[in-house]
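A single chain, nothing else alongside it, follows as structure tokens in the form predicted on its own.
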């Protein structure tokens, strides 16, 4: 190898610092996801935002109407019912989902015999298709021969008609969504295993028990991850609830389970009011954007990190 070749290799190795090379590798890994998100999410969202200012029924040419669609949906009672139901659904499902993922992660993060089988079994709830998952829960919640009511009857507890009564239909759907904890569990297992072991060793030497270690070490260090999961479950939960609502309740009884994604679908494809549906979608995107921006601003600098 010539001297010039060796000098050129050394120059290229010193061109980027280890931190810069690390960030470059991260961006290269993210590129396929970012390209897919731009093509499958960003571009349709941009088109939807444009349609929100038009009167369009998928049959004729879109007609510009300005803010007329936004004024129309604000005056509609069903829109506010869907907003209320969506907020209530998120308030029930997201905290339960994060709590379940945290408890399972704390239980299954130690490496021991059979733990990978347990993790895989729980993760199955995440990879089961939405339609199949909804059909399974439709059987579980059946008021006549469903196993949940059979178990409640065995203990002498009330046996509600889960999806038929307006007071229990939405909580039942939220409970179903809260059982899909596989993805969050794996994320929290990785976060828990990445915590510095020296903290726990020092706490053990000081006489701290499991609860003290969790309260003063695990919980503060996992707080950014938990908040990330909570925001993700709030954002994704309402969207993923469309399939169960469509298959299991159809938005009923009454409007008890009418969530915003289902209402948007009904407006666009059942009533062909695509302009108003796009306006509802734009409002939902705006609220989600404000929520994500607020959380990002409040949590900047959280956590810990080591220089690469």
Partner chain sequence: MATMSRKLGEQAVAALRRGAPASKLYSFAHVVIRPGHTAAHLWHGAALLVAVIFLLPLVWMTMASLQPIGLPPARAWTGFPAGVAWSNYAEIFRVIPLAQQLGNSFLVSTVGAGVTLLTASWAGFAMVQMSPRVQHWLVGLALLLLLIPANAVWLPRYVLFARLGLIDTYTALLAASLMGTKSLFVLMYYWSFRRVTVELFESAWLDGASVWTGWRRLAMPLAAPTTLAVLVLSFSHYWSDFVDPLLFLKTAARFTVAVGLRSLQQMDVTRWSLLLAAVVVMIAPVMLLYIGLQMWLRDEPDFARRVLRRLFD
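A quick note: this is a predicted structure, and the numbers were derived from the prediction, not measured. Positions refer to the first chain, counted from 1.
The same protein also exists as the form predicted in complex with the partner chain; that form is not shown, yet it is the one meant from here on.
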| item | value |
| --- | --- |
| Listed residue that, although the partner chain is not shown, lies within 4.5 Å of it in the predicted bound form (heavy atoms), from 87, 175, 222, 235 | 235 |
| Proximity to the partner chain in the predicted bound form, single hit among 193, 212, 120, 166 (heavy atom within 4.5 Å) | 120 |
| Contact test in the predicted bound form: residue 201 vs the partner chain, heavy atoms, 4.5 Å | yes |
| 4.5 Å heavy atom contact, residue 139 and the partner chain in the predicted bound form | yes |
| Residue 294: touches the partner chain in the predicted bound form, heavy atom cutoff 4.5 angstroms | no |
| Residue contact check: residue 271 to the partner chain in the predicted bound form, 4.5 Å heavy atom | no |
| Which of 214-222, 88-96, 75-83, 105-113 sits within 4.5 Å of the partner chain in the predicted bound form, heavy atom basis | 105-113 |
| Site check 29, 34 and 281: each within 4.5 Å of the partner chain in the predicted bound form by heavy atom | yes |
| Neighbours of the partner chain in the predicted bound form among 162-192 [non-hydrogen atom within 4.5 angstroms] | 179, 181 |
